[in-house]
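In the block that follows, a single chain appears as structure tokens, in the form predicted alone.
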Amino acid sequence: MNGGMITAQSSTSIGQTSFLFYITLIISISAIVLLIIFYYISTQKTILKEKAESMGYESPNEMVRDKLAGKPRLLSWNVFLYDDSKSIALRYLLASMVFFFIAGSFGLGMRLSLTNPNPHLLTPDEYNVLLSEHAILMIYMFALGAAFFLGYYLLPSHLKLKRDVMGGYASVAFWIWLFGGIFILVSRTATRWYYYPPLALELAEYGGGVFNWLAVIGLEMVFVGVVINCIIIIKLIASERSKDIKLSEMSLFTWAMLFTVVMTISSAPTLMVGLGMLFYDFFNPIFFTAASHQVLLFTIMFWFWGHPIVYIAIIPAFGLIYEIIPKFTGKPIYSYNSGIIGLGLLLILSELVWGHHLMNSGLGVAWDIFFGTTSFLVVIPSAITVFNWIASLWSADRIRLTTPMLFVINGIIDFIIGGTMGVILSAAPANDFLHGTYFVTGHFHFIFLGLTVGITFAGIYMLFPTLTGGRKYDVRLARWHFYLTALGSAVMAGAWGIGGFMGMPRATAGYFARFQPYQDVSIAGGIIIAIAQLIFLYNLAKSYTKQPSISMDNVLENNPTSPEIPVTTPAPTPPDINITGGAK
């Protein structure tokens, strides 16, 4: 008896010692990395300051804004030294793409582990870690990072800013967001992307993860950085834009970014408070424990943010589609006013549909009816937007099917498919059956891969000559990147949708053997997507072996979709640019 007690105490002591050791190790490594980064940046900024003083400027930022204002910005490591909007934008591009490939590799690892109904390549605990990290990093680090990249890069010209005065604050927000993402990555959290307690409070491999506390801190930091950025963008649009641009003359991309950041600020604080309460529970469990009977409260606080984030991840893509279509049709968007109305209604209705994620949580029939109704109503602004795009394409005399335009068309198709699946989930009886299946996963990935991922790549290809200093990408490789991405996405999400409709459970490391054919097809789709991204990286590397040979003009900053600016005025020819140098 006493021996057993001694053994238990010894195990507890060893566990506490190990826990403290890992905490110390993580803090030490983080401190060393921060010190190296700080030393490099401070050294380079000192050199930059001396250069600015020699040229008669009081600060490096004044020199940068004076010398680079209104000029195309090259993608280089120097963007970490400058605090103007375009440099901040390129920081987000670099960071978001790194997180995209990290999270994508986690997704591919999950797919390969599901080649057998019984867990074999990954243990269930390891599978939960990859599942959680994949979702969190894709949404918070890639999707939001890509949105801020587009916003900070394009808004200064769309708003005709005379002075870029918010760069210092944006720089601080970037670093807070970045290190929040790094903390989440190293935490090995296993709580999925919604941190549900009491699982999130179980600091063990079979629970939320030994270092889930670090993931909670990281996500809170991500929110702080995101909210600061949203406030900055609102200020840029509301008070820093040129007096020549009225609200009724702003580009549709500007409207999309405005609605995105307003949606973020109006929904994120709820979860920020919830995360603070959750972190407090690690030390004094009173809020979201089983004994408090308030576990469902956190799920409500999460989904009040959790559903708007879906629209926050795609509305910037909506805005970019509105900018890309006129470039390759030669005509303005079919209805500017309908574009604003559609985006504005999405802002309002997206805040009222969060409860359809909790239809099987016992909220009651009245709530099911309310959230089911609002979920059907949100189809209206989505349909307005889609019909506006289709009408713009239908009324065009000619459509140049360049790589960016192909991504746009595929994004519209995927949004229609994924949106239709979402309408099915809006019905409470169907939701009860499908909620825990891969049908939901297929619905989300049709939209996320088609719009958030696809339109981000469309924007990168549009800006490619600018970002690479006048280099051309290989059109043939870019087309293969598109074809394989679109094919892989359709195969993977389609297999999930069909398998989920047949009852295949999601978020599990194992399943019944009868679902293996659906998993095999989805695995093939995931591998195709991975091959496509390798082609993109190869194309990028290949382009850097070539000498700059074309203009660095930024086509997305010319003739934005304002009703006051005709599309027919001369502007740089948008890509694709073929290997021989002509406009394709």
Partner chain sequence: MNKKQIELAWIIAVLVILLSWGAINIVWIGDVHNSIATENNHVSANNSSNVQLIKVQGTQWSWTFTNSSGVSTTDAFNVTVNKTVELVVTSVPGEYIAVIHDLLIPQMGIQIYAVPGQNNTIEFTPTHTGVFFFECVEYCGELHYEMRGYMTVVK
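Numbering follows the first chain given and starts at 1. All values derive from a computational prediction rather than experimental measurement.
Not pictured, yet referred to below: the form predicted in complex with the partner chain.
Student: In terms of non-hydrogen atoms within 4.5 angstroms, which of the given stretches 477 to 485, 96 to 104, 138 to 146, 198 to 206 touches the partner chain in the predicted complex?
Tutor: It is 198 to 206 that comes within 4.5 Å of the partner.
Student: Going by a heavy atom distance of 4.5 Å, is N128 a contact of the partner chain in the predicted complex?
Tutor: Although the partner chain is absent here, N128 would touch it in the predicted complex, with heavy atoms inside 4.5 Å.
Student: Quick one: does F287 come within 4.5 Å of the partner chain in the predicted complex, counting heavy atoms only?
Tutor: So F287 does not count as contacting the partner chain.
Student: Considering non-hydrogen atoms and a 4.5 Å limit, does the partner chain approach A509 in the predicted complex?
Tutor: A509: yes, in contact with the partner chain in the predicted complex.
Student: Within 4.5 Å, heavy atoms only: does H435 come near the partner chain in the predicted complex?
Tutor: Contact check for H435: yes, within 4.5 Å of the partner chain in the predicted complex.
Student: Out of I399, L352, V295, L247, which one falls within 4.5 Å of the partner chain in the predicted complex, going by heavy atoms?
Tutor: None of the other options qualify; the answer is V295.
Student: Of I182, I409, V227, M359, which residue is found within 4.5 angstroms of the partner chain in the predicted complex when only non-hydrogen atoms are counted?
Tutor: Selected option: M359.
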